[in-house]
Each structure stands twice: as structure tokens, then as C-alpha cells.
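Next up is one chain by itself, shown in C-alpha cells, the form predicted alone.
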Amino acid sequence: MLRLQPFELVQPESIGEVLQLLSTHAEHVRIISGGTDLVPNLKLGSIKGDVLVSLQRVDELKNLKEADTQLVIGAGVSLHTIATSKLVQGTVPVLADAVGKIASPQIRNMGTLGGNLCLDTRCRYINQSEFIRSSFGGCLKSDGDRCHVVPGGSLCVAALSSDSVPVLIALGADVDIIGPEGERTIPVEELYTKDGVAHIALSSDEVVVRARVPIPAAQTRITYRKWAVRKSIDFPLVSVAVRIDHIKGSPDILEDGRVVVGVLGPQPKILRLSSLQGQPINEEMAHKVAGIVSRRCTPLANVPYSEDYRKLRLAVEVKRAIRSLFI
């Protein structure tokens, strides 16, 4: 049995208190909300946490509302609430669907949107016990100096396996971040870096407070597909969000679109479909887009299962996604 090391739990009741704690505590301070990702990693010893700052009592992070043409979702809103909310289902159903595919009901009850946005990267070499990691000398992310996935690589290529992130990027969502210097807003896609060790573009004293999700226009269609060995519990081994915007008055002609692919590395890969503008949305386009994705996306041996199969599966999921939208 893996055991948690001793830690101090602090439970502030406002964002101001959270920021103060982050600025005054030791370097191993960690934010915890639902704990569904943090606690297992603490048990594995892949990360350290001497002080845990809980967000459970910060009510201002739990707002869910429609504002103008946006859906505003607090970072503390549970995944279960997002998946089952009539407001989310009626305005951005693809987000409710994607979040409803995360893990199990028990985990969705505890996990939060902020936690899924800031999900730690995963790799078959880091998500092991400390004993197993020590047997091969650790890695770039765990007390070592080499990457076992890409020998000679200078950056960790552990994969971001979040289900919500590809969908939010496809939707063009932003996140609000607060820190000692005040609040700032960035696109979700800019929240991630190429380094799996420090893949979240936040300072240690900053917190994600909410997501702002544009409500799709009538000519926009978005879907999300994932593949995992088991439908429950497992993180995705292939994930893709596909957005197709058709020309107003011409539902069979592409105006714009994008494909967002997850589980490749520390940041999702975004492929824009502007080169196909004006072309019919049909079976031929499904094959073209699958070909583009297959040529430009290379799964690595960073998560379980064959990377060759994952590449083939990715093309299949893209075709199925486009067919489900318009064909």
C-alpha cells in the first residue's frame, strides 16, 4: 500500500487568503481542490507537498453562469456539476459530454474544472512507485537527468491527458488567472508549455479562478472523441476535439475549423483547417482531415499502449468525429 507522507493542510476561505498563503509558505506548497490527481501523485512520491492549500471553502470559485455570449465556470465547480448541468448541456453540450467521460462518477464528484485544467502530465516512467523509478535511475521529471521516451531530449515529454482541455481550446475558451499583480486573462491554449516538468504557464503564486467559454454560434459544430482501454477510470490514450464552422446559409461548405489533439506531449496540438476553406463537408473531407492529423501528429511511447496503434486510432477517431457532425 502506498502511503501519504505527512503534510500540513490549510483551508482558506477567500482568494486573497489563498494568494497570501502561496506567497508565504515553503517551496513545496501545493494547491488542492478535489485531490483526485494530486493525492495519487503524492503517494507515488512523484511530486512533493509539505503544505497543501485547499480551495474547498473558497465559494467564489464555484460560480457557474451564463454572461452575454459566454459560459463562465469557476475553477472550483465539480466535474459532475458541469457534466449534468442543464445550463451547460443547453449552451455548450460538447463540454458536458467531454467532462462526463472523465474517469468515474466518484472522481467526477470530487474533481474540479480547475484541477482538470491543471492536471499533471503523465508518463509510463514517472507514474510508478519510487522503488520502480529508482530501478532505471529516474527521469527528467523524477530525480534523473535523461528522458527514457526521447533519449537525448532536453525537455520532458510526459503527456497532458485532460479531457476538458482539447474541447475548451476548440471552443476558443479563455482562463482568468489571479496573482499578486492582479488578474489576467489568457486563451486556454497558452496555459501550457512544451516542458512536461513545468507544463503550466503559471507562477507559483498564481491561481486559475475561472474559464470563459464562448457559446458556439449556430454554424459551429464541435465534438470530442477519446479512446482508452477501459471506458471508466482510465485516462485517454487518444483524444481529439474537432470543430467545423460552415458558411452561413451553406451548411455543407467549410468556412473554418480546427482539430485539437491531446495525449501527445505536455501541450495539445492545434491544427487549423483554413487550407480546406470553401470545400464540401463530406466523406472526402473526413479523409483529408484525418490525413492531415496523421501526418502532423506523432504519438510517443510516453503512455501505455503502442504508439503505432495510437497513431492509426487517432486518424480513425478524426474521421468518426467529422462524420458525426455533418455526414
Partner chain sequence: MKIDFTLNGEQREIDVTPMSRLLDVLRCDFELTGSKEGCGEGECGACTVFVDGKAVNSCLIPVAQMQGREVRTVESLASNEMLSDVQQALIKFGGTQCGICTPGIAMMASAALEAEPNASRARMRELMAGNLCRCTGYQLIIDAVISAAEARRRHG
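Remember, predicted model here, so these are calculated numbers, not experimental data. Positions refer to the first chain, counted from 1.
Beyond the structure shown, there is the form predicted in complex with its partner chain, which is absent from this document and is the topic of what follows.
Colleague: Is I270 part of the interface with its partner chain in the model of the complex - any heavy atom within 4.5 Å?
Modeller: Residue-level check for I270: no, no contact with its partner chain.
Colleague: Taking any heavy atom pair closer than or equal to 4.5 Å as contact, tell me whether F7 reaches its partner chain in the model of the complex.
Modeller: Close contact exists here: in the model of the complex, F7 approaches its partner chain to within 4.5 Å, heavy atoms only.
Colleague: Is Q56 close enough to touch its partner chain in the model of the complex, meaning at least one heavy atom pair within 4.5 Å?
Modeller: Flag for Q56 set to yes.
Colleague: Report yes if any heavy atom of K43 sits within 4.5 Å of a heavy atom of its partner chain in the model of the complex; otherwise report no.
Modeller: Looking in the model of the complex, residue contacts with its partner chain include K43, since a heavy atom lies within 4.5 Å.
Colleague: Here the chain is shown alone; which of S204, S104, Q219, S250 has a heavy atom within 4.5 Å of its partner chain in the model of the complex?
Modeller: By the 4.5 Å heavy-atom cutoff, the listed residue in contact is S104.
Colleague: By the heavy atom within 4.5 Å rule, which residue out of H246, K226, R212, H80 makes contact with its partner chain in the model of the complex?
Modeller: If I apply the 4.5 Å criterion carefully, the residue I get is H80.
Colleague: Looking at 68 to 76, 154 to 162, 229 to 237, 183 to 191, which lies within 4.5 angstroms of its partner chain in the model of the complex, counting heavy atoms?
Modeller: Flagged stretch: 229 to 237.
Colleague: Taking its partner chain in the model of the complex, which residues of 110 to 128 have any heavy atom within 4.5 Å of it?
Modeller: Only M110 sits within 4.5 Å of the partner.
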